[in-house]
Ligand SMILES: NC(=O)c1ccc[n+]([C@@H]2O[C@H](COP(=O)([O-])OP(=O)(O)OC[C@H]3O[C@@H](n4cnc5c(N)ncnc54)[C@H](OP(=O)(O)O)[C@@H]3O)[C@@H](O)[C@H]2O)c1
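A single chain comes next, written as structure tokens; it is the form predicted on its own.
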Amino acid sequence: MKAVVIYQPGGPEQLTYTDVPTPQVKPGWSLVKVRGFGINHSEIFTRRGLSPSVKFPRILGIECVGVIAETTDPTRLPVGQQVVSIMGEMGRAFDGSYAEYTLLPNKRIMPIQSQLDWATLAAIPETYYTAWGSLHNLRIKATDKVLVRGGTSGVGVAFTKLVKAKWPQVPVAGTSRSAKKREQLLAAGYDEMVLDQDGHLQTDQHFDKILELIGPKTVKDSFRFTRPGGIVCSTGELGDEWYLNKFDPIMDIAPDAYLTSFSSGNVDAARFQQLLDYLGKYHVAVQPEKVFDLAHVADAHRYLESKRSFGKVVVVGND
């Protein structure tokens, strides 16, 4: 089969499109024909060598959509069944989705039913599931004023679409380090742009709920703009920092406010189905911003790392 293999950490040029043996089915695992997957910042971190547990060579890819090609669970996962898989050390402890086929543990494979095209469906799993969990942990209400810190990211755009689909009256602001992305943010559904310069928000506004996608690097600053009783949900780590530094919870959390988080590693099949039902019920416009094919995964990485990057980047396989 064709796959994209990384033999040593480094830049996008380390992602090698090549021929490798198709995985052989083993007990408790099934073979998935990959029809699409999203490109995620965590995969870029791993490619750079910033995931110490990952051994090379490795086929990256922490999510996929596709169909069962060979199965060891014909009752739940019959051949031809449409499926989704997210996380569970996929693309880290074992080879992931940057390939025509991937061998996955049955317990990590979720059967689904969807009429969406593969590119659209590929934009949902990691990105929308992460946004979905964050939305719930932020306890969004119709009276809230919301900020998405990291507004140009795929999760940020997905979160805003989820909020606006159900609560169109809720004002949602999105941050960017570049004032040039204002029109893109507005077109994506945000009500306004807040400039984020050197880790500091350039505004005098305060918000009830903040989705923090930059992560530990800016959590402390986000609380400076949180209303009493508000919630900050630290979900992303786009700031390339994984731990809070010099953070005093007593002094740095806004008065009567709360700090929570969500990880897409908290995968639950029922919750994922709730997400799909929500997308249909509220007619959420799900679509990727940029689509690549398997042979150009390196270009997808370059785009996601560039200043031009906006929204969700996906890769779709051949029919």
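So that there is no doubt, residue numbering starts at 1 and follows the sequence shown. All of these numbers come straight from a predicted model, not from anything done at the bench.
The following text describes the form predicted in complex with the ligand, which does not appear among the structures shown.
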Inset, instruction - Consider residue 227 of the chain shown here, and say whether it contacts the ligand in the predicted complex, taking contact as heavy atoms within 4.5 Å. - result: no
Legend entry - is_contact(residue 309, the ligand) in the predicted complex, heavy atom dist at most 4.5 Å: yes
Inset, instruction - Look up in the predicted complex whether residue 120 has a non-hydrogen atom within 4.5 angstroms of the ligand, and give yes or no. - result: no
Inset, instruction - With heavy atoms only and a cut-off of 4.5 Å, decide whether residue 35 touches the ligand in the predicted complex. - result: no
Legend entry - One stretch from 92-100, 106-114, 244-252, 170-178 that, in the predicted complex, holds residues within 4.5 Å of the ligand by heavy atom: 170-178
Inset, instruction - Decide if the three candidate residues 148, 197 and 208 all line the ligand in the predicted complex, where lining means a heavy atom within 4.5 Å. - result: no
Legend entry - Selected contact from 231, 214, 83, 135, since only one has a non-hydrogen atom within 4.5 angstroms of the ligand in the predicted complex: 214
Legend entry - Residues in 134-155 with any heavy atom within 4.5 Å of the ligand in the predicted complex: 152, 153, 154, 155
